[in-house]
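As C-alpha cells, one chain now follows by itself in the form predicted alone.
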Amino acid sequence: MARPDTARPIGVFDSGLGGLTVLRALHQRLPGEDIIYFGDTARVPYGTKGAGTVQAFAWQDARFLVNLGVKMVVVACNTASAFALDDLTDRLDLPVLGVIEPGVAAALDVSRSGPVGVIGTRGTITSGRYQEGLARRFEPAQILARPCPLFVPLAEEGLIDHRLTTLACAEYLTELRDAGVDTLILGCTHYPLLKPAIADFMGPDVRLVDSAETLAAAAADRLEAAGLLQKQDNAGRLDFYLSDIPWTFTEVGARFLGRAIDEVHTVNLDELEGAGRLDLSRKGDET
C-alpha cells in the first residue's frame, strides 16, 4: 500500500557534506519527519564547475531522491541552487526549495540600512544570484560579495578555533568589516560551522544569516502550506546516501550533523546517472 503524502520523507542533496548542516537544522525544526540525505561526494566540489555541469549533476541528484519517494527536494547546496534550482522547479512535480532565496529574504528582513555582505564559493558568488536578490532593495555599491574558498576545508578539518581560521577571516572579511556591513549572509552550508570565528571577527553589530537555519525554516513553512507536514510524534528516521564514502566521513559527518552516523549507503555513479535518465512522468520532463 502506498504511503500517504505526509508520511513520505524529505529529500536533501548537496555536492558533499556541507548540506548536513541543513539536515541538522531540518531535523531540529521537524523532528518527526523522515529525511533522506544524498551527498555527491564522488564529484565534489560543485563550486568550481561550470553551470551546465552543475545543472546536470543536480538533475541526477534530484531524480535519485524522487525515485526514493520523497515529498520535497531540498537543494542544500548554494552552487546547485544558483545554477539549477529554476530547472529543477520546472521539471519536477513536487516542492523544490533552494538555499539562496531564504537567505536573501532573511537578510532583507534583518538588515537595518546596509551595506550587506555575502560570502560563498567562487561558483556561488560568480553566479550573482544572491546579488540579484539583494538588489531588490540595495544599490549595487551596498552589496559586497566575496568568495572564501579556504573556509570549506577549514570546516571539514574541524579547525573551528584554529589560528588558520582567524587568518582566513582576516584575509576574506576585512574589506567587508571595514565597509561597515550590518548583515553578512553565510552563503555556503559549510560556513555555519565557522560562525563563532566569523562572528568574532565581524563584531557584535553584524548580523549573520545562517543558510542552514533559513533553509530549514523555509522548508517547514512550505510543507505546512502544502499540507505535507508529518503528524506523527515519533522521532523521524535519517537515511544517508553518498556517491563515495571518504575515509574521514564518520568523523566529519558527525561534526556537521552534531550526532553519530551509524549507516551509510553507497550509490555508484552509473546508478546516479541512470536516475537522471529515467522517465518518472514528471511535469515538464521530456528527456
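Note that this is a predicted model, so its numbers are computed, not measured. So that there is no doubt, residue numbering starts at 1 and follows the sequence shown.
Keep in mind that the form predicted in complex with a small molecule is not shown, yet the notes after this line are about it.
In the model of the complex, at least one heavy atom of C188 sits within 4.5 Å of a heavy atom of the small molecule.
Within 4.5 Å of some heavy atom of the small molecule in the model of the complex lies at least one heavy atom of P45. In the model of the complex, the small molecule lies within 4.5 Å of some heavy atom of T124. Contact check for V152: a heavy atom falls within 4.5 Å of the small molecule in the model of the complex. Residues with any non-hydrogen atom within 4.5 angstroms of the small molecule in the model of the complex fall in just one of 168-176, 107-115, 198-206, 76-84: 76-84.
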